[in-house]
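Next up: a single chain in structure tokens, the form predicted on its own.
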């Protein structure tokens, strides 16, 4: 592109933008990817996009950069609407220098982040970048720092969603990690701090990009990905779904939707025998409005389930034990998953419904040595800190520290209900009897079953906890939905003044 064009020649500059888009489309489509502008127009309502800074160019001259110019400097930024609601967007253009981030590129992203924060609207970023622009040196690194600082400023103020639709390497991976949701497109998205080539040079390990940091890896192993999607179109639909549950900012409440009755009953889902597994998704679908449950991190730490749903049209967050995976025990990964989701709900005024069927934290040397104490403490911190309406239903097992951590009244939950067969105790009756009555059992083994029954009657049934005020009512499975709706309606105007005043807490990590 020549730099001797007349100043103010809008027609020529617009023609140059069109040629750039065609060149980018040819390269991106050959890789099975959309262009930066195609992603934005595919997400936003038709005709709603207003672009910002389309003519910005970098000012670097070293290493031949004075001969490499591109209007917009490899990122498209602006604003539009999704289902009529204002959002701000940026989309990296891999067609120019692999979407690498230079100073001008960073300034454009920073500007749109500032506007999103100032106007209280969500920010959506499409990431497709090889990382820092080496030719611009430390200016590129400084640009990342400016973006990271704004991601932190925006955290808990506006929803931040990253769509990974290509490589996201080095410093480029930290901005999505600071955002609320990271969506990865299978087959084209990768995220890693150091790529396969560097890994091999430093450690001698040979690994391909997909195994090192592909969508499946981050969706099921690391937990970096909130969702993995089969195509860019599916990722855009997932963005729309997430936005439909959230308010535009932390000062607003989520929009109300029409209520719809579930398609099934709760009565036949939960087995009477506490050792028999069931799929908690069936229970969630029987409680929430029909078709409204939208799961987050579905393939990570699958012993716990988190996601958005609606009750009587009201957006809520759902946290549930998953008895069909590891008996629903709590682990390091499930603790991280639950705590982050509860804090997200609290930040954006979504009530939290917790469905508890948990035999405790999983025992073992590996979990202890990897820090289950500090990870488990995150759950306690998140529930204690949250001031949104909180309702917990104890379904069957509720033992030990997991009973306390997973939305108990002791941590400030507003209403706690239990089913008639719920066992609320320090541990299961069998284990407790083996400890408390070990001498009696050693002398008369035939008494063991009677002692277990006695312990359950005296210590682990829900009425004992109800006598102490730890449970508000004992209800039948078929009453869960109506009780939860009524509870959240009672709590709909809840406001809590945080005491004592503080800058912020020091959450365990």
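Predicted, not measured: the structure shown is a model, and the values here were computed from it. Positions refer to the first chain, counted from 1.
Only in words, not in the display: the form predicted in complex with hexanoyl-coenzyme A (HXC), which the text now covers.
Comparing 116-124, 135-143, 219-227, 387-395 against hexanoyl-coenzyme A (HXC) in the model of the complex, the single stretch with non-hydrogen atoms within 4.5 angstroms of it is 135-143. For the three residues 20, 37 and 80, a heavy atom within 4.5 Å of hexanoyl-coenzyme A (HXC) turns up in the model of the complex in no case. For residue 309, no non-hydrogen atom is located within 4.5 Å of hexanoyl-coenzyme A (HXC) in the model of the complex, even though that partner is not displayed. Interface residue remark: residue 68 is counted as part of the site for hexanoyl-coenzyme A (HXC) in the model of the complex, having a heavy atom within 4.5 Å. Proximity of residue 100 to hexanoyl-coenzyme A (HXC) in the model of the complex falls within the 4.5 Å heavy atom cutoff. At the 4.5 Å threshold, heavy atoms of residue 88 stay clear of hexanoyl-coenzyme A (HXC) in the model of the complex, well away from it. Of the candidates 72, 360, 170, 247, 170 is the one whose heavy atoms come within 4.5 Å of hexanoyl-coenzyme A (HXC) in the model of the complex; the others do not. None of 428, 254, 421, 130 but one reaches within 4.5 angstroms of hexanoyl-coenzyme A (HXC) in the model of the complex through a heavy atom, and that residue is 130.
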